[in-house]
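As a starting point, one isolated chain is supplied in structure tokens, in the form predicted on its own.
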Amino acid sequence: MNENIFTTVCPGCSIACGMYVREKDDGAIDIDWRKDAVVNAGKLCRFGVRLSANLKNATSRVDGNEVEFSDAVTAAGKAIGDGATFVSVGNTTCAEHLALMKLAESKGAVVNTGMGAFSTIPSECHPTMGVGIPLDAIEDAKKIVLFIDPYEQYPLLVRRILAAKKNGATVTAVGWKAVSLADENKTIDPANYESELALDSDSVIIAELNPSTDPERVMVLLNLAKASGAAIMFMKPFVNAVGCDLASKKTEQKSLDQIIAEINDGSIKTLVCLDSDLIEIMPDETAVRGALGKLDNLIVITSRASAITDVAKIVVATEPLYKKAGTVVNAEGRALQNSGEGTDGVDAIGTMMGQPVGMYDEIHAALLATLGIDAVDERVVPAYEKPDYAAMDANPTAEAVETALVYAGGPFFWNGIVDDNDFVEMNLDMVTANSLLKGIPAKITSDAGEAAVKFKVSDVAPGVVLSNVKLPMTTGMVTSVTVSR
């Protein structure tokens, strides 16, 4: 059997690990380690290893019926009028995102990346929120503070942090669960970060920015980085979130919560999603499904079959990411070129604007200008910059409830895939207090419903039920719940 081999990146998160995809004549794919990949030196987390089992190609549809690609493009072009809202969170190439920006501009709109924090936080902070410290530089830090769980959320950071420890760095983890590689695990009120963490210019802060992140918490971390002189990296859950952020008009964007609210009040009638499944991405799946059902037109341009393709009025099915011509930009600002040659997505969006097929070269040139480079070279990482910005008055939303179901996220979570780790974690005191028994699922109840879930005893903060799996009764990244047997 013949094989086509593509040099590409894992679509799991903003590290953008290099890999090979081997496509067989029957369309089946195998994942292979790319040993010369400069980002990850061939290593892959379990999401990347399992990609072939979880990747399902989309099918073009109109009103639930399978149609030819060209017919779906035509239908989408007719349905997208002035007043449409556009979303692209960063699950596709810069070329497709920039093409969608051109389409949105032709309709008097912008493309929303889902990162609503950009619209709230002053623009002078945006470079620091967007591109983080080079991954290699993490290994040279003297002190690292983690506001993520690298094992679950960004596994390929673990070896960088361990290398830093070997070089003498100390690691402090601040979060819901103890991190085993940390020298110290703390639960700290945001008001006390500066005094308790004692950072300096040799320190690195690693946090996350996702569509559900409270902008006020981002402000707190930016203030901490400013006061201490520490470098900071905001990891993101989508492979090309940084590339999309660099290209987009951040201050004009809406958060995903705002988009759902405006669908519910009738302000948004047409929604166009580019490789962005709001059902998967947003915590309250029931609420999102209810809102999407109120749209006159839900148009999805995507390479992957997912929950949103089942409910969309029009699905324009493009080639899978590994087959696309184009570039992604990872968390450290490194531009990475795909070896694919497919331009279905760019061509489809161009056709919707009445543009002739063949817009890719123009779009790619615009990308190079945006990035300030002459060519894409994966060995080149931009110098880390943290432009000066003023300290901000930040008041993070209180997340403390008596018992909280908390989502840590991670590649499986953001892609709507059930991981092998389909259990929640809680500490022994909670297990004992609720008379839970080993081998019998715990009943977790919120105002939105209940579910019986397997549990594991871990070193988790008091009152916290920690999950990497999206449960049906959630209402947010932190949900007030009760636990019983």
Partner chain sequence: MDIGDCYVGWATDEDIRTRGASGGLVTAMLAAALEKGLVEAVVVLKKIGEFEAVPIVTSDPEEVKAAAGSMHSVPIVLSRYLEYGTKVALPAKPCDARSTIEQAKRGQVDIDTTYIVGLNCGGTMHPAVTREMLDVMYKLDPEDIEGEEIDKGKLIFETKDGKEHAIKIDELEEEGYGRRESCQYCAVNIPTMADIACGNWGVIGDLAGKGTFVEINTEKGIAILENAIDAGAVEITPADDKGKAIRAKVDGAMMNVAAAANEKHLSPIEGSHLDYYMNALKDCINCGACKTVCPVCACGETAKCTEFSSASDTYKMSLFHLVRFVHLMDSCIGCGQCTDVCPVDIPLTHIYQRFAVPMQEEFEYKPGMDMTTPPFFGVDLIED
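These figures come from a predicted structure and were not determined experimentally. Positions refer to the first chain, counted from 1.
Heads up, the form predicted together with the partner chain isn't pictured, but that's what we're talking about next.
The candidate site formed by 214, 220 and 414 is entirely out of contact with the partner chain in the predicted complex, as no residue has a non-hydrogen atom within 4.5 angstroms of it. The partner is not drawn, yet in the predicted complex one stretch among 65 to 73, 48 to 56, 429 to 437, 444 to 452 has residues with heavy atoms inside 4.5 Å of the partner chain: 48 to 56. In summary, among the residues 460, 29, 44, 39, the only one with a non-hydrogen atom within 4.5 Å of the partner chain in the predicted complex is 44. Not displayed here, the partner chain is approached by residue 34 to within 4.5 Å at the level of heavy atoms in the predicted complex. With a 4.5 Å cutoff on heavy atoms, residue 394 does not count as touching the partner chain in the predicted complex; it lies far away. Interface residue remark: residue 156 is counted as part of the site for the partner chain in the predicted complex, having a heavy atom within 4.5 Å. When contacts are judged by a 4.5 Å heavy atom cut-off, residue 162 counts as touching the partner chain in the predicted complex. Residues of 114 to 132 include none with a non-hydrogen atom no more than 4.5 angstroms from the partner chain in the predicted complex.
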